[in-house]
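The form predicted on its own is given below as one chain in structure tokens.
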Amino acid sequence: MEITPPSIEASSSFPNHIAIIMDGNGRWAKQRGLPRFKGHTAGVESARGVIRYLNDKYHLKYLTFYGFSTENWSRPKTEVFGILRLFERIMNAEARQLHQEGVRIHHLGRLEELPRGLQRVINRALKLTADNTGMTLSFAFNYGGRTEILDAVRNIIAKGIPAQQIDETLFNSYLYTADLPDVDLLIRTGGELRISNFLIWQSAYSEYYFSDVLWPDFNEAEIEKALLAYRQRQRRFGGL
């Protein structure tokens, strides 16, 4: 059955900001008797397809991927090194093409804790695409939601801002996502039913969509299922 795409003009039926937890790469590789790293490589191809589809067909304004969490450093060193090298290679290879498509690349997380070579590649991509006005494509890499909130609190304290001046608007301006809107639709693949410390402030009123499909198999048809589910919900933002 062909799914009719939601109206781009109707903000109530189409998300402005989609965030995705890309889960299942390792299990995808294991099912095929492959090293875990092959799953991450396949996951990159899936991410590339999702970006192109949402940008070309729907002109989505904001898309955020959870690429590497602050907890992921505890994984086997060979896997961590492979992920870091893969992300560096992808940023090098894709930044110019994304720039030509008007995409603005954005990084969320503690950049200073990443290897210097990767920092340089990310900063180069950020500078190259800084003035673009198309999709804002954010990568949460070395990111943790609680760490983000703690960093915001520390920076507010360091600025000496009086407690009575702190409200949600001010607090939001100190988050990594200061120039991004809250998440409308949060998608997690791989069958797990949790958000794993991802954008916990920004997704307070998000619609959640959990898919059993492993990330490397998450394709255009699966995106449409998520968008259809979103369109069928009535967002109340805390109302009864």
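The first residue of the shown sequence is 1; numbering continues from there. Quick caveat: nothing in here was measured; it's all calculated off a predicted structure.
One more form of this protein exists, namely the form predicted in complex with a small molecule; it is left out here, but the text below deals with it.
Across the proposed site, Arg36, Tyr66 and Ile83 without exception bring a heavy atom within 4.5 Å of the small molecule in the predicted bound form.
Only one segment in the set 204 to 212, 172 to 180, 36 to 44, 55 to 63 has any non-hydrogen atom within 4.5 angstroms of the small molecule in the predicted bound form, and it is 36 to 44. In the predicted bound form, the small molecule lies farther than 4.5 Å from every heavy atom of Glu94. Among heavy atoms of Arg27, some come within 4.5 Å of the small molecule in the predicted bound form. Although the partner is absent here, Arg32 sits far enough away that none of its heavy atoms falls within 4.5 Å of the small molecule in the predicted bound form. Although the partner is absent here, Gln119 is not a contact residue: none of its heavy atoms lies within 4.5 angstroms of the small molecule in the predicted bound form.
Exactly one listed residue, out of Arg110, Arg124, His99, Arg75, brings a non-hydrogen atom to within 4.5 Å of the small molecule in the predicted bound form: Arg75.
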